[in-house]
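In the form predicted on its own, a lone chain appears below as structure tokens.
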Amino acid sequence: MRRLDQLLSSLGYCSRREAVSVVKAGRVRQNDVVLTKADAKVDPHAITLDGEPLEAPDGLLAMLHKPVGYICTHSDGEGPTIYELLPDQWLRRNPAVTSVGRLDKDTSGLLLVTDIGSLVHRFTSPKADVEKVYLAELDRELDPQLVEIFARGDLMLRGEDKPCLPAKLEIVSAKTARLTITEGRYHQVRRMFASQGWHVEKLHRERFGPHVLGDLAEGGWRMIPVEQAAR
């Protein structure tokens, strides 16, 4: 059970002060009974606001198709951010919605966003072993030997003292490759190719763990049932 005004505020519908007016207006019901007190203890799953169930009362998880040019930050002044692509109400939730890991400004594709801290840790912990799949377009034809080089687990990146974990490289066409990694080092995919003399001209993430971007439109988002995160 949760206090009603705190619940509405934490889910981004209004402030706790504004919740008093929302309740007095008869807009909130529990099991189809109109509530009259903003400080009432309620079951979040039994509440409706303006006839609609509350959105993701147990926490929010969604996939976002990040376009090139957007950055993964809440800070202003650095260019358009991924949060501009999300509903305003999500940005008023407490805890705040954040991205699970990041994609750099020049990389497109699948991002997960959530307000569940345990999910952020689960997907980004070095021990998580979560697969990330990228489609990369290179500046010149690929050498089949890269498949073995990336798979060996001894590839060193400049400025680091530990080799990359084994990665799976599939050559899709002469200048296009699909790379599966389980780490999240800074600009890792670009740096892996650069270490062998290739420049990544386009980079797109297709999959993050069990979640696949599929046909989700660029700039679009789709809710994921929180229980699916346990799969």
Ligand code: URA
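Given the structure is predicted, the values throughout are model-derived calculations rather than measurements. Throughout, we count residues from 1 along the sequence that is shown.
Absent from the display: the form predicted together with this ligand. The rest refers to it.
The partner is absent here; in the predicted bound form, the one residue of 37, 162, 168, 187 having a heavy atom within 4.5 Å of this ligand is 187. Distance criterion of 4.5 Å from any heavy atom to this ligand in the predicted bound form singles out 104 from the list 84, 148, 129, 104. Of the heavy atoms in residue 203, some are within 4.5 Å of this ligand in the predicted bound form. In plain terms, the part of the chain that comes close to this ligand in the predicted bound form, with a heavy atom within 4.5 Å, is 104-112 out of 137-145, 104-112, 150-158, 73-81.
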